[in-house]
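Encoded as structure tokens, the following chain is the form predicted on its own, with no partner shown.
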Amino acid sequence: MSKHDAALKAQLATPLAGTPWTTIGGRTLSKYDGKVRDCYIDTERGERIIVVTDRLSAFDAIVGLIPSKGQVLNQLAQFWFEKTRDIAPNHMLRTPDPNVMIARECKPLPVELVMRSYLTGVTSTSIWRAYEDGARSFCGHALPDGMKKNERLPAAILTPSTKAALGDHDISVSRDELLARGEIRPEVFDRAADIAAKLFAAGQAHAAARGLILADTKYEMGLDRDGTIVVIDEIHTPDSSRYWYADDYEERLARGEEPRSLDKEFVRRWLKNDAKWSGDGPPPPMPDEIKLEAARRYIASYELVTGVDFVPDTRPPLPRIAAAIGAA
């Protein structure tokens, strides 16, 4: 239970599943729906209107709707974009609504930059699954023998991932494998990799100061009109990152228990262990209590990371957002 439960339970009936608009600001814009975000492309202004929905993706599929999730993600991304501007430029311009970010339009790089500091994960493509199956090299990085699940790696590593189409699975690759595909120039990848390493170090330092462990995360980057590499999408949110509580990490590791987490790993474990589903076929219906617990964890991550109380906007989301951006 949390102080937000009454609002969250009310939002179960009106989650933000998606947006239906064809015009914004009196102009017809092209639209792209991602796993979590609905994007409206304003080519005239060189902007992208991003509506962060309450959709939750896991195992490369949309598995449910989590109350207030979109608001948490958008506002946490705003926090981190503002905090890391001195490390790398990002696409954020303004946030006219708790669920909306107006961003510079960029050309996305064809790779996700995944930074890892721990041997963990539950998906079939996770570093832990590869290690458990006997691999001692992952994306070109040598891994020592004798490690156990959730143990810290000798050093943070970058494990690039291809960007699959909606419904398909991403594939982890090494730098050499990625460059061999011919989709990105070496100098662009190396610059993006350097930015990812610096962002991750800054994120881990901030998390540690807040009593958390930022175990891993992924970054998306793009090129703006001037060819500058820009951080896009989101940064250090519970969707793109794995957060653990630091206070009992060592004790739980010694007992072979999973770390206490503040990310969507909770839902992945429910899907895999309780619902016996890991991506094949349609996802199982998600009980309200699982949705509420996921929402509590998203909100807790926001409050712990930012040090600010989360205030959900409980007004019906579609008319509220439409008024904020002039959508019809």
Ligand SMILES: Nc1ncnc2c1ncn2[C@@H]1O[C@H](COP(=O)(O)OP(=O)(O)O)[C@@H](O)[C@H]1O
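Remember, predicted model here, so these are calculated numbers, not experimental data. A residue's number is simply how far along the shown sequence it sits, counting from 1.
What comes next is about the form predicted together with the ligand, which is not displayed.
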Original post:
Among Pro108, Lys163 and Ile232, does every residue place a heavy atom within 4.5 Å of the ligand in the model of the complex?
Top reply: yes
Original post:
Only one of 35-43, 294-302, 255-263, 271-279 gets a heavy atom within 4.5 Å of the ligand in the model of the complex; which is it?
Top reply: 35-43
Subject >> Position in contact with the ligand when the complex is considered in the model of the complex, options Ala207, Val173, Ala103, Val114, heavy atoms within 4.5 Å >> reply: Ala103
Subject >> One residue of Lys149, His141, Arg242, His91 in contact with the ligand, assessed in the model of the complex (non-hydrogen atom, 4.5 angstroms) >> reply: His91
Original post:
For Ile50, is any heavy atom within 4.5 Å of the ligand in the model of the complex, or not?
Top reply: yes
**OP:** Classify Asp97 as contacting or not contacting the ligand in the model of the complex by the rule of any non-hydrogen atom within 4.5 angstroms, answering yes or no.
**Re:** no
